[in-house]
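Taken one at a time, structure 1 and structure 2 that follow are two forms of one protein chain, written as structure tokens.
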Structure 1
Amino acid sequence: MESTYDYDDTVKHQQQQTDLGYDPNFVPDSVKSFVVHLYRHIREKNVYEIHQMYEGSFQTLSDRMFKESPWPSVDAISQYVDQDHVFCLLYREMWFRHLYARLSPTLKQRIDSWDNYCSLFSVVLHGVVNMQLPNQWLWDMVDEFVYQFQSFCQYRAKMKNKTEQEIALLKQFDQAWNVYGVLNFLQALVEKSQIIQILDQEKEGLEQFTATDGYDYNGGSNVLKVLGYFSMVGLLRVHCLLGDYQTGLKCLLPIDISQQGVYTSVIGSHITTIYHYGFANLMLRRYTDAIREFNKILLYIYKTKQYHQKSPQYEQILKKNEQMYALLALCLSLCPQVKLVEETVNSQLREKYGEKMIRMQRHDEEAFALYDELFSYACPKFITPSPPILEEPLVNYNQDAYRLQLKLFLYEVKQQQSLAGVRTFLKVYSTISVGKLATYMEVDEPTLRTILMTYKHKTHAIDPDGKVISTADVDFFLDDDMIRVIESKPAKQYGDYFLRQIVKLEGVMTDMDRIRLE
């Protein structure tokens, strides 16, 4: 497609923008060529070419010609694509995504984007969509849909400087980006696609959804099925933004994240899934589950990030990588299960947060402030889903949901800090009497028994199957007046060691080849 870009055309377009400002009806030849080719490839179900144009050509054109302005309007390009309704909806979806990424959308544009998603998803749910689209595009649709919902809630909650016109529009379009509407669309995509039944049948060997990455090689469409699949991740994300972690994890249950799946076929989907899964588990005190998954994804990013350097998602990958290291530091400070973390990840973690993690073990005000700092940096942008009361004195309340989640997290940290002394002594002794430990901790025996019960409560969590599981690195049981300590001994992992050595050997061989070439 590179040959379709004309340098003179680019100059002419930039001149047009300078002279007249943005003209939504001016369609440069390269854009004409882009939409005609994309339309043809979609009609022909040529997923490879669609992907090349979506990931490559669209970004290249955006960088060259639309850095500071939107793409031509859908009305201007529709004549080149037979006025095709579905293609125009897809083009507008990309148009709004580009607008959000490069410029600041107005309230009217936010509402228009909502209307476009309603139309697009309605066609998918109730029409006949006879096309195949790349997983990357289908993931971006769901991801952007949730992002724009989050962005709208944040925007709407900043009431202080709203103009009368904006308030009038908010009143007029009070159903735009409504939380029930967003959840209903995602849930409807899950149900209509029957993706949960498809994944169940796959376990019995009756379906090939994961093996084909969700694509239909029999001439059918992958759009509804894959949108339904990614909508489960979208639901997890929305519920995390609302602070409902239990429901979020329940929505993700049909996807087995211990295995490779369609969610791992797109790097953005893989990272978003594990980030929100880990965060939800952190908030539910299932620290070991969070640590295990953060360890796996951080190791994966470490090994593969160089392959994504030219990807439009690269900056987002790096940002989420840093946030997940911060969340891993929080998990390990509250539940010191370093044995669950692979050496490569552990060395990166020590480099980034080693000093802070040592200070977080002191259980003083400075440690408390560090928990606050890391949580604030790494948490999602929580939202208040309810619309503002427009008659009252206008105030900003976009930080309210975040402050509430921070308060709940720090309350948990305070409770955990009071148990630090118990953990320290349990690591030293294999058996110790209640009286002796009470003396060491400078409390009476009834108080110590209360502390021990609290320790038991705080180091146990309910897993997705409803079973009570221990998350403690050091556990104990009471035998009359004796405390008997059980230290967990995880199975040795030999695979990680060999993988590490293989990566080192590959590096040495690459260096040797380079020297030979020079």
Structure 2
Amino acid sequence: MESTYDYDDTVKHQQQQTDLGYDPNFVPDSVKSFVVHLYRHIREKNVYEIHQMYEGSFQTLSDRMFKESPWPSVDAISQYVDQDHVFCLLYREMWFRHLYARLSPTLKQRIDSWDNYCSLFSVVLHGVVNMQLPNQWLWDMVDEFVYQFQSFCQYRAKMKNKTEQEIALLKQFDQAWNVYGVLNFLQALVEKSQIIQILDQEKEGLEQFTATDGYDYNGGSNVLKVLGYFSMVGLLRVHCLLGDYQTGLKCLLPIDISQQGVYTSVIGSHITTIYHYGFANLMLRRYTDAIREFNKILLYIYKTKQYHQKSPQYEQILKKNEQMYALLALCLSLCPQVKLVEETVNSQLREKYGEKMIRMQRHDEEAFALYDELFSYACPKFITPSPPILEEPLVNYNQDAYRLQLKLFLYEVKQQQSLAGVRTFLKVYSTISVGKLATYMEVDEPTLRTILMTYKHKTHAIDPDGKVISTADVDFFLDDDMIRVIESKPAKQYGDYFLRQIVKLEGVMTDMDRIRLE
């Protein structure tokens, strides 16, 4: 079709074919059918069908035909979908996501993907979108957005082997994946959707959101609201990547993680939320909060992972599962509150990290190496948000952020070094004099006093309301020279037992009633 193209276009077209090794304009029939049907389902707001196609058909086609090449370009398929602007943005988002997952994006592609997100989010923020999309898709958008930002920062920080074209492009498109842009988009989605107010009003029964899983049954769109909701998790994640754990947790506050919610409607969102929540609490020294949440989610994954075996997220689920066991091991080594951990989770933990945890309690050189190992394995991929200095000499600084967080974490571990020793003795004695304990621990008395005070300080955290909470498994107080260990009798939980028996009894009575009526 020479007549429809310029000479330049033809050359470029042929060039592309040889460069890329595939033809971006070739649309196989299955793809044509895919976009036509998806487009129709979106127009008809058939969320169930959209979800089937999004989770199912897209993956199947990707596996079958696009294992090593991208999907056809958006320009090639737009003719089958009435050139619909919004559909094209959605298609492109999936296109880039596929690219990142299966192939390696070039710098130009990274920049183009950023542009696409800008357009897509702008459309949503203007409130002109009238679709209902499955939560899985909406979560994936936010998740991918943050992931591509993280990936870009990592890529950008490896300056050593950058070509001249790459450096020129970086200079030219310095707004792409700019940290301000990323954060402001997420913040804008939260604000424009008014999701925080919606969640507040829901508590008073004035709104329905969680009850409908975020879907709008009044003919409206769920897209802005749910994107706003997931953006709160997105903000938590970005702040963790920057090392600002306090603000990250603040961004998550409107979501009540002690309950089910829209965040649990998608397993990826559930895991990401709890993983980052737990990690942030670990760095904030709120060990018991982290342990509780890790325990819950690890138990949940244990029970439900078989149902996700076929899903494209399965690998990610397993990876995060392993990382959270490592984080749990870290938390428990610093704050041995084993009774907070459920039986199943505990046995899994022992299997994976039992031996290492014993060695970590010794707080010697080997122990620090283990703390280092587990932290490095399980931590998020921290980023340096500032743009590189594009002058000689070019260095790689992509590890800087991670090294800082690791260093500060190990610093904290070191400060708690003496506590393990104290714990051992406190478990054995009910009273012991400062002098005697000092002798056993081979330190002088003043040093022992500081160790005891350190123990108290480190095991008494400040909760978000400013109250002092004890996280000590074994506690004591000092009466001048005598250390008196505080007996902690585990509180007998009668209430639970009685409730269970009541339910059982009522069940039996109901059964008996039934018998009589027959």
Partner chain sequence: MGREQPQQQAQPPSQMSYTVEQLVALNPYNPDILPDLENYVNEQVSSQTYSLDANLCLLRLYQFEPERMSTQIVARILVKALMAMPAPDFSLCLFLIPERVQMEEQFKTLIILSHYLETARFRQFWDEAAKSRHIVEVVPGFEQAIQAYAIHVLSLTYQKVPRPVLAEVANSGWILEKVHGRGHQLIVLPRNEFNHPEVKKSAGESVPLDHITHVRLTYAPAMPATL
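Each form is matched to the other, and the largest set of C-alpha atoms that superpose within 1.5 Å is called the rigid core. Just so it is clear, the model here is predicted, and its values are computed rather than measured. Throughout, residue numbering runs from 1 along the sequence of structure 1.
- As for origin, structure 1 is the form predicted alone and structure 2 is not.
- After superposing the rigid core, the C-alpha of S433 moves by 2 Å or more between structure 1 and structure 2.
- After superposing the rigid core, the Cα of V36 is displaced by less than 2 Å between structure 1 and structure 2.
- The shift recorded for the CA atom of L505 between structure 1 and structure 2 is 20.0 Å, with superposition on the rigid core.
- At M453, the distance the Cα travels between structure 1 and structure 2 is 2.7 Å after the core is superposed.
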